[in-house]
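Read the single chain below, which is given as structure tokens and is the form predicted on its own.
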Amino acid sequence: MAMTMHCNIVSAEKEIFSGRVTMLVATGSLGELGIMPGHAPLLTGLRPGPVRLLMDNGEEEVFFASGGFLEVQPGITTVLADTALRADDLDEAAAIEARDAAEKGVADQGAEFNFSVAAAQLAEASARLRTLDELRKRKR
């Protein structure tokens, strides 16, 4: 039996996942992180994107986190996300529409333009699409 750790993925609205995993992969503020049982304690910010969980039966589940924090403590890892969804629940058409609208907003900078808001919207929409791509790769 593989070594496991408890993992929780929690959004502002509800708990999305709680269970035993052998590995978690997410994008932290400084790059991609792989967390396995016995990892040193850690607290880091999360960038929008996929969160991959490897289960002890070898299966993988993919989630989307719009940002937040990753906390690693002995035996337990917690993703505290602003918004979190199972990747299967993402709407690709809505993500493409949001990305296109954000790109148009960046291109058409008017008097009411707020670059930081447009950049954040573009980053989140692109992260949703990356998560969907990650899910497609796993299903092949």
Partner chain sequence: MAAAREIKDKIGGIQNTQKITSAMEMVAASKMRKTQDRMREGRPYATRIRAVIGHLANAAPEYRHAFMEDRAVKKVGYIVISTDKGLCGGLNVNLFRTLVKDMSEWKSKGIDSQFGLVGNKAISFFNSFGGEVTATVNHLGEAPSMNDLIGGVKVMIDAFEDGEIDRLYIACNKFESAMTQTPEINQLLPLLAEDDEEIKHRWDYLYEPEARELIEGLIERYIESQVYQAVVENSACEQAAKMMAMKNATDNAGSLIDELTLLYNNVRQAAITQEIAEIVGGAAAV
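From a predicted model like this one, the values you see are computed outputs, not experimental measurements. Numbering follows the first chain given and starts at 1.
Form predicted in complex with the partner chain: not shown, discussed below.
- For the chain shown alone, Ala12 is a contact residue for the partner chain in the model of the complex, at least one non-hydrogen atom being within 4.5 angstroms.
- Under a 4.5 angstroms non-hydrogen atom cutoff, the partner chain in the model of the complex has Ser29 among its neighbouring residues.
- The shortest heavy atom separation between Glu71 and the partner chain in the model of the complex is within 4.5 Å.
- Taking the partner from the other structure, the partner chain in the model of the complex has a heavy atom within 4.5 Å of a heavy atom of Leu33.
- For the three marked residues, Asn8, Thr78 and Asp82, a heavy atom of each sits within 4.5 Å of the partner chain in the model of the complex.
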